[in-house]
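There is one chain below, alone, in structure tokens, taken in the form predicted alone.
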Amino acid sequence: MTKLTNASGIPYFDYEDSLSAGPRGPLLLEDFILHEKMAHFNRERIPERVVHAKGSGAFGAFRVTNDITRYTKAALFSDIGKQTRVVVRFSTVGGEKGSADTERDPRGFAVKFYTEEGNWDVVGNNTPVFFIKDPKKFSDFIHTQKRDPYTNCKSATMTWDFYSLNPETLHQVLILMSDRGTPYGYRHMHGFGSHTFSMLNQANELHYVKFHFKTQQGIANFSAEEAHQMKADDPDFSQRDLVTAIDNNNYPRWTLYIQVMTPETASSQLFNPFDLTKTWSQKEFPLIEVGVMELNENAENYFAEIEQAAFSPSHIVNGIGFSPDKMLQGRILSYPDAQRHRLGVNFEQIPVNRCPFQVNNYHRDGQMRIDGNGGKRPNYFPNSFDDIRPDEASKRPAEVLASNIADRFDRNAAPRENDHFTQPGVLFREVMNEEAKNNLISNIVSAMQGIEGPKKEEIIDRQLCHFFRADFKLGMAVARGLQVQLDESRLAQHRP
């Protein structure tokens, strides 16, 4: 047996589950393997982004249309009609910078709000869920979406091997394999913060929230055949579509909504509401309108204003906070680390990332320092020479953690924590119409036909089990499409 070790040669066992304070608690800083995996992963490509390399963006404004001050004291939501400047970047996830815009892939949906309390970033996707729920698996997952180290080609075998070994991916896999995996540009898709965040109001009352950006242009998707053809006709279709629409004063708009859950309700849910592979029922937690975002200004220079735009979930403002969402906790560390590697430690001084309001701190030096480096002012705090003081109004109340036990909980989780099949089954049976179901099945079969090698049957059989657990008809349809013969004893195991 070859022992798994870290970069220092230290044998290591807990490779997949992050160290957390309780099964739903936040992650602990002492988990050095998590840091090593994510920090190394962030430095694998120079200079383009490791993920979300191919993207488009534009500027615009967000306008408040509904009062949500009962949930948050964030200044940008303080008055109906208030406007805040934004920059938005859309992207594909797995492809390189020169890849085609219409590849089957999730789409990044990142929004930077230039608020008077600092820059607030909502960094999400066009899907409300993701493939994994623990950040320790992120670099491994993305490797399967990139290139095989032997062939240097994309590999269906790598992709489906990972999916089949991680049933938590199923919810996102069904979305990706549906026509939502090939949206008609960026203007005709929804955006989601995806993670669970928190809000604090003036009384410091805590609510958990999810962010939804609903396109006002209407949902439109390519079929698999149309997306494939567009890769040849115009690999930059989404970029061209967005720039042209704005140049023609056809400004795209999205309505921002939130879902709200109290901490008491969160603790009583039968599923983990902080699990990124799960959604919140909109029947139980209805959408609450917040405002409208309009993009009405193209960048003057793509590289300066879009390629150098840097987003991070760690950019929050007073009245908006985090949650015990493990993937969110991992991204709080990983994203600014990636930006410091990609753009330098002073990346927030680049004009597109600079807060247009006052910035006061004691950071000094580093590459690309362009703001005078603080002049002769002190570079330490506290000091006797300046009047910079901590802002009492931004002090956050103490948080009560779900548990004070530090362990790696996922492998021994309660069954309800590892139910990766109920929500995908509901998605297939209750959300998709017959055309959507047929397209989903066709896309899955087409993608899985690329699996090859000595483990082909094992990978296919493992993935079929996930489909059967979600919905028997889905499993049967995929099996027929792949011409997999199921004897009666195997079928009996899958029947509901």
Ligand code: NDP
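The first residue of the sequence shown is number 1, and the count goes up from there. Please read these numbers as outputs of a predicted model, since none were measured by experiment.
Not on display, but discussed next: the form predicted together with the named molecule.
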## Note on the structure
Exactly one listed stretch (459 to 467, 424 to 432, 54 to 62, 22 to 30) reaches within 4.5 angstroms of the named molecule in the predicted complex by non-hydrogen atoms, and it is 424 to 432
### Message
When the named molecule is placed as it is in the predicted complex, are H171, F192 and K283 each within 4.5 Å of it, taking any non-hydrogen atom of the residue?
### Response
yes
### Query
Of the residues N353, T72, T279, Q239, which one places a heavy atom within 4.5 Å of the named molecule in the predicted complex?
T279
#### Entry: Answer option from H207, H212, K137, H315, heavy atom within 4.5 Å of the named molecule in the predicted complex
H212
### Partner contact for I219 in the predicted complex: the named molecule, 4.5 angstroms, heavy atom
yes
### Task
Please run the contact check for T144 against the named molecule in the predicted complex: heavy atoms, 4.5 angstroms, yes or no?
no
### Query
With the partner left out of view, is S178 within 4.5 angstroms of the named molecule in the predicted complex by any non-hydrogen atom?
yes
### Residue contact check: S323 to the named molecule in the predicted complex, 4.5 Å heavy atom
no
### Query
Can you name the residues of 246 to 262 that have a heavy atom within 4.5 Å of the named molecule in the predicted complex?
Q259
